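The chain that follows stands alone, in the form predicted alone, written as structure tokens.
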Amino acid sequence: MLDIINKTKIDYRPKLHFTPKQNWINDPNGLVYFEDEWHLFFQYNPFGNEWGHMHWGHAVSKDLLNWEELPIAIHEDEEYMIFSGSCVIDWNNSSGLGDGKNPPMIAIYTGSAQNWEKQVQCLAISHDKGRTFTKYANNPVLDIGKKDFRDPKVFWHEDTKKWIMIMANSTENTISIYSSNNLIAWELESNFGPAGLDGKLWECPDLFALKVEETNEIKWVLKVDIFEREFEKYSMAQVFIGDFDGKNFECEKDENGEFKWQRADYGHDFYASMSWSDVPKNDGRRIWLGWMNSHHYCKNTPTIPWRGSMTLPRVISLKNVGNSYHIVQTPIQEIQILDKSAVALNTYKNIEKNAHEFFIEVKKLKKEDAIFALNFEEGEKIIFGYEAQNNSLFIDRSNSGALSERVEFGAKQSAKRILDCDNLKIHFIIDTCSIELFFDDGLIVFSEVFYVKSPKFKIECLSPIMAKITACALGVHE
């Protein structure tokens, strides 16, 4: 691996995506908005650039693009590593853990026993905007004696006036739903699953309500990650859409009575996504991001001294297409505050100098392919687009440099197109070593990392079609 790093010409650190100054990160944790700051906590190993010794790292931002990394928020101890979880603002001090001055920020996280014998749910409290946390003296607040019971996502449910916690029973492929009046005493309400795809482990659930576009209808979105499907060697996130009454999640079913599900992202590198809590009502967006990596090669990505990044934050919405609900993801509007400069399409662009944003539109697709390539200066390429024969959208990074010879990295990723129209839109952002593709205004999304030898690339249309392509370099505020 060091040989690969020494030969490359690129500093792979992205401009827009969060990375730590050094060492390993994975799942985003505790995403919460409080007092004009977007908080990003994350799984962090302060001792090296491989997984282990999990703590909660911490970063804050005013605009979701420029991040200030802060000291570690929650430290492991002799008994427990600090696994994934969430944060809430206890506005009414229902927990009684406030200081009488300001509402406390409360982290609810999984304590994973250092001997791996069990996982329990714990609290930590901050009175200084997340800069320091004190572990609750009577931890754990939930211990059912299970080894794989983790990743609490907690939110306030207004209709029942209770806190809701959803938990992954990982090896059972189920989600447990708990409720509480005070964040301390929890009561089991129901279970959901198994459902959707058979997975080795279920992890990192999230549950939230969305208004269906162009209607007054409210539906609930349950996202669950699958770690390493047995028959297909990659990890992924699946989404269920239905209704939630504070006790039970009722998922939409198909004509055969099976639970409907869809993928959140069709690329290799979108995992453990979490949405922000306590976003102000005058903002009103549901925003999430994910870990931009895969369990199958994360230890081998050629980045030093850091390893691991987050995706760009995305706005999630819900749309009814063909009498079926689909999540829609789009980049946050804050990208518009960046300095943008047009770039010529017939010259090489330098991914080390700037992030780049592209828009492609094909207005008369008919039944033809619309395939494009990012051609890099030393021969690597990334191919993506639409294949008419399969009515599918795809990305192929099998010739994208380091790691692409590995089947779990280089395998072509495809998704059936949802829209039935002749107008194809592709919006994508390239940021040094990653590409995020948004097809059809965000109905289908692919997130992929890549590690090419040279920072210079061109875009090429490989199909005999008329395509309008525009591009700009995204300046990053220092």
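Just so we're clear, the structure is a prediction, and the values are computed from it rather than from any experiment. From 1 onward, residues are counted along the sequence shown.
Another form, the form predicted together with beta-D-fructofuranose (FRU), is not on view; read the next lines as being about it.
Which single stretch, out of 77-85, 387-395, 400-408, 211-219, brings residue heavy atoms within 4.5 Å of beta-D-fructofuranose (FRU) in the predicted complex?
Careful reading of the contacts points to 77-85.
Does the 4.5 Å heavy atom contact test between F270 and beta-D-fructofuranose (FRU) in the predicted complex come out positive?
Result no; F270 lies far from beta-D-fructofuranose (FRU) in the predicted complex.
Is C204 one of the residues lying within 4.5 Å of beta-D-fructofuranose (FRU) in the predicted complex, judged by heavy atom distances?
Within the cut-off, so yes.
Can you tell me whether K381 touches beta-D-fructofuranose (FRU)? I mean in the predicted complex, with a 4.5 angstroms heavy atom cut-off.
K381 lies outside the contact set for beta-D-fructofuranose (FRU).
Using a 4.5 angstroms cut-off on non-hydrogen atoms, would L31 count as touching beta-D-fructofuranose (FRU) in the predicted complex?
The answer is no: L31 has no heavy atom within 4.5 Å of beta-D-fructofuranose (FRU).
Which one, Q413, N66, N26, N49, lies within 4.5 Å of beta-D-fructofuranose (FRU) in the predicted complex by heavy atoms?
Comparing distances to beta-D-fructofuranose (FRU) in the predicted complex, the residue within 4.5 Å is N26.
So which of R314, R307, K223, R150 reaches within 4.5 angstroms of beta-D-fructofuranose (FRU) in the predicted complex, heavy atom to heavy atom?
Partner contact (heavy atom, 4.5 Å) among the options: R150.
Assess the spot marked by Q43, M54 and H295: is beta-D-fructofuranose (FRU) within 4.5 Å of a heavy atom from every one of these residues in the predicted complex?
Yes, because Q43, M54 and H295 each have a heavy atom that approaches beta-D-fructofuranose (FRU) to within 4.5 Å in the predicted complex.
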